[in-house]
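Given as structure tokens, the chain that follows is alone and in the form predicted alone.
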């Protein structure tokens, strides 16, 4: 364990553990998180758990209900609509701006990511696939020339990753999810802005119609 990890506050480490458990569905949306139980599980003080939960509350992953306790947040139809709209706006513009900056080494890295996706597809591992999805999209966004787009996108990472947890039931197969990214990479390789713009939009809204038919996720 390196010095950076050793210096990280315990509350941040616990927050990351809880975050990963929510994304892997070990903890479900709407579940109550009991401070005393978590303190015993992690062998830490309740104040450390409260700080970890405050981090997750700031990220809107959990919510504190007066006199009831802390619960994992659920996504409403409106929440999903907003995330899809924001992601479409930001990523479409970011991908367009990134196009002139994409060089051979960038395409090599993106291709390696799709190959990793193929491995996780064969393993039928949605959690790792969604992590790779975030890496793929984030890598391109960070190549755009607009620092404010990058900053806003970074601030939405936790919300986007949490939204992705819901998508496994709407893809017809693991293979279709992988193919979406192979096709997206192929579009980027054309360096054609109109092709890329259309592909990014279609990729993000691939499951929108079915997803927004669910009133409470």
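Positions refer to the first chain, counted from 1. Whichever C-alpha set is largest while still superposing within 1.5 Å between the two forms counts as the rigid core. Note that the coordinates shown come from a computational prediction; the quantities given were computed from them, not determined experimentally.
Same protein, other form: the form predicted in complex with the DNA, not shown, and the subject of what follows.
Stretch-level contact analysis of 144-152, 187-195, 38-46, 170-178 against the DNA in the predicted complex, using heavy atoms and a 4.5 Å limit, identifies 38-46. Although the partner is absent here, residue 56 lies well away from the DNA in the predicted complex, with no heavy atom inside 4.5 Å.
Using a 4.5 Å cutoff between non-hydrogen atoms, residue 33 counts as a contact of the DNA in the predicted complex.
Looking at residue 166, you'd find every heavy atom of it more than 4.5 angstroms from the DNA in the predicted complex. Taking the partner from elsewhere, residue 68 is found to have a heavy atom lying within 4.5 Å of the DNA in the predicted complex. In this overlay on the rigid core, residue 47 has a C-alpha that sits 2 Å or more away from its partner position between the shown form and the other one. Comparing the forms between the shown form and the other one, the C-alpha position of residue 195 differs by less than 2 angstroms, with the core used for superposition.
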